[in-house]
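A single chain comes next, written as structure tokens; it is the form predicted on its own.
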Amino acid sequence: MSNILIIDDDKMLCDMLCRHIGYMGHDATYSLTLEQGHKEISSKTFDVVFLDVRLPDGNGLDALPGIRKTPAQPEVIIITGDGDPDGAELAIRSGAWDYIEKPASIEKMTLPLVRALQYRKEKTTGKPAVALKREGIVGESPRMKACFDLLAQAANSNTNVLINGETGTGKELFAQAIHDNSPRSNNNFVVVDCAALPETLVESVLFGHIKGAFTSADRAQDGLIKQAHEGTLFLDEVGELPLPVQKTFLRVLQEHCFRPVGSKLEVESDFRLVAATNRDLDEMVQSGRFRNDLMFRLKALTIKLPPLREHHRDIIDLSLYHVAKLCERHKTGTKGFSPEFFEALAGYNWPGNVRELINALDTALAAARHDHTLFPRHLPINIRIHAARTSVSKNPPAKDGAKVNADSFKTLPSLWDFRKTAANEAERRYLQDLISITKYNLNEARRISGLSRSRLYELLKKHKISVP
């Protein structure tokens, strides 16, 4: 039996739906306002929520993302008497299961319910979740967790993937993780930097050439597409691919065969394609700079990576991870962090995203040298200036000369909480790496870690790491 919530101000509709859902063998309840609906969701677990758009105390579409982010992550079916195409698009983009315009038959309203419940059942009874190999990818915020779900989905399929995101968000790391978690992981991961391809040699680089194909071709050479046979071909900055090559590559993508430069024979390559770009391909299609048919081929599955400014809560985890890596690389001792150091990082906008953060941490370590603790003064000057300007604009001097209120520092955790969180995260990552390296061989995991069988199982359960 599943739990269903209906949030709609039409009591007659709510009563009718509740009765019908009861006949289907499920438990249904309703709320006539958003406030009542939120109270129900916070006190009880629901599998599916029917949600009206126009409610007495708010807009259902505005509430939809928050409902989807609750721990139960219920599927949401929008039901509205004021349907419009833009609202339907917004609903689907926000994670709605379906969008139904009222008045509608009871069958039309309950069929999506049946499908949503079937989907949830198959998700819970499917293969157990396993730890993803995601070397260098750090984050536990809701935005990043959504990306990890798509990463797992991409790794378990052979479909083309387009990774979209600003410069420095980690597109190549995600592409590598898709490859590392896929059945092709034992074969080549071939990177093609489309922005760096020489226009006169682009076909030779991609497709290879035979001896004598052109003046400097003193021997035959396989192209990058051939090297990716049975592996993964990663087209980085695919938006920079020249238009003539786009047409040729479209056929390669469809047929998985091509003709090396100067050859009369075609060569096959069973590659899996992952592409990445920081450009808006839809806008490029509109302006005639990118082929529409190729774009649709590329984005069979799309992963949009958020800029760092949209998942600030991951900054501490990212800093801990990369400072440890940088200390290991530079062979320096481990460093501590002052609370003000993290405050300066969290207050910055990071236009260069994670890549800029790593460079800033590297600069801080170089400035700190033999210092044991990182302070804001170790950071690049532009970040320190931003922190200083922000503090002035947010905390103007009080007219009566009173001290500035310290509310702005309340978001920083206590040192005890910070240490506990950091230790918990380190423990979880160690276990994930341990299980991955040992290929789920628990005896080997126990030998390496020095843990007893019961303690190992206890920690795996604590961190929700499933073992097939």
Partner chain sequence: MNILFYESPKDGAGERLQREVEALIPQEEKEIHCSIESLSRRLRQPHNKLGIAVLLTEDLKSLSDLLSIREVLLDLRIILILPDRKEATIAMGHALHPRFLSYADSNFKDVAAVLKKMIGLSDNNNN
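Residue numbers count along the first chain shown, from 1. Given the structure is predicted, the values throughout are model-derived calculations rather than measurements.
We do not show the form predicted in complex with the partner chain, though everything after this point is about it.
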query: Heavy atom of each of 29, 47 and 96 within 4.5 Å of the partner chain in the predicted bound form; finding: no
query: Residue 198: touches the partner chain in the predicted bound form, heavy atom cutoff 4.5 angstroms; finding: yes
query: Contact of residue 309 with the partner chain in the predicted bound form (heavy atom, 4.5 Å); finding: no
query: Distance check, residue 290 to the partner chain in the predicted bound form, heavy atom within 4.5 Å; finding: no
query: Partner proximity in the predicted bound form: residue 147 to the partner chain, non-hydrogen atom cutoff 4.5 Å; finding: no
query: Heavy atom within 4.5 Å of the partner chain in the predicted bound form - the one residue of 243, 366, 92, 114 that qualifies; finding: 366
query: Among the candidates 338, 153, 263, 188, the residue which, in the predicted bound form, approaches the partner chain to within 4.5 Å (heavy atoms); finding: 188
query: Partner-proximal stretch of 214-222, 105-113, 296-304, 76-84 relative to the partner chain in the predicted bound form, 4.5 angstroms, heavy atom; finding: 214-222
query: Residues from 322-361 in contact with the partner chain (non-hydrogen atom within 4.5 Å) in the predicted bound form; finding: 325, 329, 330, 331, 359
